[in-house]
Structure formats: structure tokens, C-alpha cells
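Here you get one chain, nothing else, as C-alpha cells; it is the form predicted alone.
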Amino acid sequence: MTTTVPQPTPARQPRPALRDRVLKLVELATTPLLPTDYLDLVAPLRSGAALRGRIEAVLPETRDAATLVIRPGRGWRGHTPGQYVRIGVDVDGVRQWRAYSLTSRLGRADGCIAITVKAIPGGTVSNHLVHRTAPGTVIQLDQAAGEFVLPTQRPAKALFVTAGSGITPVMGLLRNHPELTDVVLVHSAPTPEDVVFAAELWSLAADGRIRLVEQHTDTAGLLDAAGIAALVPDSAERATWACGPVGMLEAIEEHWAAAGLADRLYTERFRPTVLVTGEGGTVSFARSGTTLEADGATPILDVAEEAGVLMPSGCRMGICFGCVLPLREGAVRDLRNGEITTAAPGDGVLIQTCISAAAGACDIDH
């Protein structure tokens, strides 16, 4: 009797070639986008995607300030009170990057974070965020950064000096450090109505958490270092954190240094963006080290190529976005409508070089 032993069926081997062909067909069908671009539309906060956030609420604080409650994507690593976050927001089709202090309490039950933005006159991004942004808007996020934080060894006595929106990082500190027991806050704003977080600050003062000194520049003038010393007689005994306009901070730094207290002072500057714009200018390409002179009517793409700089490009009509590069610093003009786009170091604004001309000196990351 012959026994036939059944042979095992060979395991079906994966067919990577077929899978790759299917993926290529999908990519062809979605061109110029990729399948992941469509996934970003339905799940922008998913793990593995570029870090984004969704604005859940816009809460007015004053006539020109608002708190934006943001649900960060799964790649968010958290923050230390006093730090800031850079956000990327699309304004009139151009992605603009700005940094704002985080003002939320740690460990919110809803998992959200918050920034508080004060609209400044002529500010493209700040006015857009305060007055025109709606809940549901998806923005780009960087991880939190900044050194305007409390040391591990908490100070026995603390002084916070703020002006205008300089209160925002300090509010992040006050909300998250109830262990501070001897705190003086000197805050300056044009009028009582312009004080961001006014009700909460006075509540903290009523509860004995802080001693609040509020000064209004419309009636009392600008806050200066000598005035601060007069308002807080024991300021020399306090670790001091100051945030506000550059002029105020420079005066405080000079005064504290003269008193031998420089090592007890921590400052946070809100960078002023002062750019000279015009027709044409010097265009530099950071990576290649190339510098060119460009007029105000020729696309940067054409200027670069004529000088032998290899540039990414596509339709050359501002449609396909194949020529997009980061503007590291400077100003460019959209040749279609005359609009000026500016960037300061760290902003990382993206521009289309095929329809952008130099509007002053500019530095491009290429």
C-alpha cells in the first residue's frame, strides 16, 4: 500500500511589484497631490503627519486681543510654562510663520493648548488670527521652545515686569506655578480696557497670589526702570522676569546691570520686524552662497536661472507650486497683484519664486 504524504502548499509570497504599481496608479490619479495629501485633509492631526493643530475656539480678551484654543496633533511633545510656539497660518494664500507665548494650563482635560495674540496695527498675521480666524482652521505647528521659564529651584521672591502683550508668557507662568508665594507683577498698558487678562490678574491679586501694580501709559507715561524700582522698593532682592517692547527691556537691562543684578534678570523680547521695501534688491541664496542683484519686475526664478543657479520650477505661472522655496528673511512682491510678503529670521515663509520679485533685500533657503 502506497501512502501519499500531502505536500504543504507553498506560502503565497507578497508581490511588491504589484503593490508598487497600484501605488503609482493612485499617485497618477491624484497628481499633482499625493495620496497622503488627501489623508491630511481628513486626518490632519494624525500620528506621523507633519505637526499641525486645529483651532477649537477663539476667545476675545480685549478689543484687539484673543486667546486661540488649539488641539495639537499627536506629535506634540508638550511645553514648559513660559515657552512659545511657532505657528504657520495661511493668509491670502501665503503661509506666514509667527511665534506666540503659550498661555494655557498644563494637562488640560481636553488635551488642548492655548496662545494669546494681540493684533498690532498693520500686522498681517496677528489681525488675521484675532479678527478673521474661525474655529476648525488647521494651522502648522513647531514644537515649543524658549528659555523664559522658572528655574528648578523656585525663587523665594519674584518680580514680573510686563508691558502690552508681554503679559502672555508671564500668565503662562502664573497659571502653572501656584507654589510661588511672594510675587509682584508690574504691568503697563495704554488704558484699563487694554489690559489682557485683567479680570484674572485682579482675581489673583484679591486671593493674595500676587501683588499687582497696574500702570496706564495714556495717563502715567511709559514704564521705565527707575519707576519700577520706585514701585517695588525690594526689587533688588527679587529674581526678575521682564517681557515687552525692546526699549523697555534695554532700559531694565542697563539699570539692573548698573546695580550689579544682571544675573537675577531674565528677559523675553518680542522681535520687531523692521524691513525696508522697495523696487528690487539683493537676493541671496543661503545654501549655495550665491548673491544676485534683482530688479523689481523680474521673477526671482528667472533672475536666478540667468545667473546659473539651478532652481525648482514647474508651470512658471503660479499654479503648480513647483517653485516654492522658504523666504528666510526680507521682502518680495507678488507680480500678479503687487502684494508684499515679508519674513524675519525664523519665520520660514514660503514663496513662489516664479511670480515673486525682490522688494528689497531678501534671503532664500536654497
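So that the term is clear: the rigid core is the largest set of C-alpha atoms that superpose within 1.5 Å between two forms. It should be emphasised that the depicted structure is a prediction, and the values quoted were computed from it without experimental measurement. Each residue number is its position in the shown sequence, starting from 1.
Form predicted together with a small molecule: not shown, discussed below.
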Quick one: find which of 251 to 259, 171 to 179, 219 to 227, 115 to 123 has residues within 4.5 Å of the small molecule in the model of the complex by heavy atom distance.
-> 115 to 123
Evaluate residue 205 for contact with the small molecule in the model of the complex, applying a 4.5 angstroms cut-off between non-hydrogen atoms, and reply yes or no.
-> no
Tell me, yes or no, whether residue 50 is in contact with the small molecule in the model of the complex, where a contact means a heavy atom of each within 4.5 Å.
-> no
Considering only heavy atoms, tell me if residue 160 and the small molecule come within 4.5 Å of each other in the model of the complex.
-> no
In the model of the complex, does residue 144 have a heavy atom within 4.5 Å of the small molecule?
-> no
Only hit among 310, 340, 317, 57 for heavy atom within 4.5 Å of the small molecule in the model of the complex is 317
For residue 61, is the CA shift between the shown form and the other one at least 2 Å following rigid-core superposition?
-> no
Taking the shown form as reference, are the C-alpha positions of residue 314 and residue 88 brought closer or pushed farther apart in the model of the complex, with a change of 3 Å or more?
-> closer
Any idea whether residue 97 and residue 318 get closer or farther by CA distance in the model of the complex, knowing it moves 3 angstroms or more?
-> closer
